[in-house]
Each structure stands twice: as structure tokens, then as C-alpha cells.
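Next up: just one chain, as C-alpha cells, the form predicted on its own.
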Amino acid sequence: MSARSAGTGNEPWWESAVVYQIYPRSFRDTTGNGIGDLRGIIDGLDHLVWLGVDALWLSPVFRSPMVDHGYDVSDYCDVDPLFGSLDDLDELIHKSHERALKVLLDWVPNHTSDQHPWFQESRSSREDPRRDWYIWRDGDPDTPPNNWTRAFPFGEPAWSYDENTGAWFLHLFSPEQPDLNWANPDVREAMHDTLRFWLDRGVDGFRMDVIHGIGKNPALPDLSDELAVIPATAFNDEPVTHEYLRDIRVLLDEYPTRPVAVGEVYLLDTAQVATYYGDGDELHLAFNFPPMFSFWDAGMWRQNITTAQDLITAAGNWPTWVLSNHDNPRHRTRYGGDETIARAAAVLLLTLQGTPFLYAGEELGLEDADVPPERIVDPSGGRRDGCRAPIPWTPDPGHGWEGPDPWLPFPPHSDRLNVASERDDPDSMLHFYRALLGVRHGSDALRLGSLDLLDAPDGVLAWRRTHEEDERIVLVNFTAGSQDIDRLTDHGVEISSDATRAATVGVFDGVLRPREAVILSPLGGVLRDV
């Protein structure tokens, strides 16, 4: 049974939505401490409305010691004072809904902070009622129970020895992030209660952190020597996880607002990722990460699209598309900093079949910040600091932040790549994103339609999106040279990533400019064979 109903007029809201990810520490500071906060996000809601996105996803704002900047949760049902208060988050949800914006929270089910009361009780005694809420193993204090390694610091054991009770506990991430034991039904019920807490407060769904990690093989077998050097989270793919996801889905389906479950399934095999949709009864959406690691190459992207169609869409599920996020270099940085490629990439992202996720600052054309060694704060050793740099709002040296020195340096060129400057420049990346989102919102084909890849010259990708009588054709030139596409001269250019064409948008002249992406519509609105 398909999880989808696209084309029936009863589509779930998340199928046609564009989701905007906010890393709260870096969005906007209103207190002068150099760290973004919930009031700053509330102040920025009108920017999101003007831009034209449909939903916002907040990276964690729950109480936390901040060893992993919020992904080490010490209380799932409260807001960390660093970001504000529970009242602030309630206000953010309310004011977002007033603006027709959905709100997703980042839920971290695989592990808690070691400061969470549950873990404090679990490690207090072998006889404590919550001892089995985490994964403990006996053994030689000099030899971990298996050869699994953790995500950071990279290559270190995924186990720590607790002297108090003389046993090892598992942590796929840092030692301050012990893994919950989802095999314990009390753990599952307690985590379900955390979802209900937020759903009852009006949130519209959750991004579920490393959701594929919650089920563990109880035997905890060693990995091969070749695989043991890679973090174990990249291989954790247990059948029992699907049982846990079905239970979560039942919970979500109890709510008439149709809250969405978006899973971070950090497995670099789309076939594995696709299984987490279940039979329409697990995740609504699952992040598919291979495209994020693809070069700016037509062949690689054709394969990405084909794979998503064959493994996700063909099974009746709905893909996701992501170019940048809080864990990986921004796509403009990955693609060499070229603005023309960044503009073409925006067209690519927002016209594929599926739900696109924008990362805050993407609409400004930001690159990663250069973070000197003395300012590294990321527990992974700084790998993620550059992409988490603060969003510049104004051209002045403080860029609209209250304090003298934000928690990380600003991205390069923030004197011109900032919200205020780009709002004043109709040719800016920001205005291009707004126009592109407007085109998407105006076309059922681009939001909900089918996708058919078309023949195109080498180095060019072409596809047609159709929904009933609505049609759009998208062309993306991955090359540095012009490309002839004569057969589409009976179409009009609705939008182009090439600023020099933008002033003369009209009938397509059959020539795709270097690194240009265009959206074409049939003249007269008539569907045609191409």
C-alpha cells in the first residue's frame, strides 16, 4: 500500500512543501551572547514568508549540556535556557502557524546526554530500575565488548567503561551520548511520551536523528576489520528498527493534523534507505544522502534521479532532496564556490520530484566559514563548524548580531552576502531563490507531478514534470560550454539561473548557456511530445 496520495487532491502537506532547516545557534541572536535563540527565529519568520518556504525544521533546542550542541539531550520536554524558554517555543509555533508555516522539531531517539536523569539513574547501580534503559555489557575493563567505533572522535571505541558499576556502556557517538536500549518497552513508551508532549503543543512533525540506529542486534557482533575503522552507525540496519518505526507511525497517525516523520537514515545505500518507508506505515520521508556527496556532474545526478525513481517513487513513496545541511559542507563550497553553479543547483533541487529541504543561508549563496583552530568547537574536530557559521543579516561588521563576537566566525563575503544587502539587489541569489520558489508554488507539476527524464546532449540533464494539464520542462547544463536543444523552441522560459537571460525571458531560443538551468513551459499551456 502506497504512503502517497499525490494527484488525488488529498495530498499530505509535506509532499508539496519546501522545508527550511534552521540551526538555532546560528540563525539570529537577540541577547548579545553570540548564540542564536528562539526570539531571533521569531523575528526571522517574516523573512521565511517573504522567501516563500512552507515549513521550518529546528535543529535541537531541548535542554542539553551542549557537548554536541544539542544532540545530547538531558530533557526532551523543555527548552534549553541558551535558546529561551518553553513559552518562547510555544510562541514560535503559534506565530509560525499564523503565517501558514509548519514547524518540525529535531527529535534525538538513539541516545541521550549522560546528564539525563535516566542515565544518571541507570549508572547509579546495577539494581536500579532504569539500569536496562541503556546498553550495558560486562567485560575486561581494558577490552571493549566489540570492535565498533564511534562517530567522533573518529576511530575511537564506541564503548566507555563505567568504574562505578564495573561495566561498559555503548555510545555510537561521544561518550557523553549513551545509546538508549529500545529493546526495553519502558524506553519505547517514555520516548513515545516525548513525542506526544510536543504534538500536544502543536508541532507538525519531527526530523528523527539517526533513526536507523535505534534497533541493535542483541549479540552486538564484531564488524570485519575493514569495516571496523568506519563508525558503526553507518552499518546499523536491524530489522527490529522497522517494528519500532511502525509503533511510532501509529502514534503519529492518532493526530488529525497529519504530523510528518522525517528520518535521518544515514546509510549510503538508497536501497537500504528505501526500506525505512515500510509499507506506507513507517517514515513518511527519509533523507537520501548519496546526492549530497555527488559532484556537479550530469552522469552522477542522472544516476541519483534514476535510483530515487526506481527504489523510492516506484514503490509509491516520496523522495527527499537535500544539497546542504548542518553536518556537511555547504553545496556552494563543495561545488567550488561558483555562483553560476550554485544558481543552477537551486533549480535542480527545487524541481525534482520529492520534498526539497533548504538549509538556512543557502538562499544567500553562502559558503562555509573559515574557522581557525583556536575557534573550533565541533566535537568531530571542526569538520562541521564551517557550515554552521552564523547567518549574516546586515552588511555592517556585526551583521545584525547583538553581541561583539558570535560563537563562530561569519561566512566569507558577509558584507555583501547578507539578507539586507541581497533584499536591496534584485539580481541577488536571494531574489533568485524567491522567484524560483514562486515558480514552484505556481505549478502543480513542479510540486506534485510525475518526472520523466528526457534525452539531452552530454553534460545536460532534462526532465519533464507533469500533473494533469500542467507541464514544465527543466534543463540543467552541467558544462562550461553552450548546448543546443533545438527541439524545445516551442516553449517559453519561465525562469533561468543565468542572470543575463533573466532580463529577456521569453521564447526559448534553443541554446542552453554555460552552467545554466531553466524551467520551460509550453507556449499556450498545451502539453506536447518532446
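A residue's number is simply how far along the shown sequence it sits, counting from 1. No experiment lies behind these values; they were computed from the predicted model shown.
Omitted from view is the form predicted together with 1-deoxynojirimycin, to which the following refers.
Contact with 1-deoxynojirimycin, judged by heavy atoms within 4.5 Å in the predicted complex, is confined among 462-470, 477-485, 28-36, 64-72 to 64-72.
At the 4.5 Å threshold, heavy atoms of Arg207 reach 1-deoxynojirimycin in the predicted complex.
Contact check for Glu264: a heavy atom falls within 4.5 Å of 1-deoxynojirimycin in the predicted complex. Although the partner is absent from this view, Arg330 stays clear of 1-deoxynojirimycin in the predicted complex, with no non-hydrogen atom inside 4.5 angstroms. Contact check for His326: a non-hydrogen atom falls within 4.5 Å of 1-deoxynojirimycin in the predicted complex.
Relative to 1-deoxynojirimycin in the predicted complex, residues His111, Gln177 and Arg388 are all within 4.5 Å by at least one heavy atom. Between 1-deoxynojirimycin and the residues Arg123, Arg447, Arg150, Arg384, the one pair within 4.5 Å by heavy atoms in the predicted complex involves Arg384. Though 1-deoxynojirimycin is absent from this view, in the predicted complex it lies within 4.5 Å of a heavy atom of just one residue from Tyr277, Phe173, Phe83, Phe357, which is Phe173.
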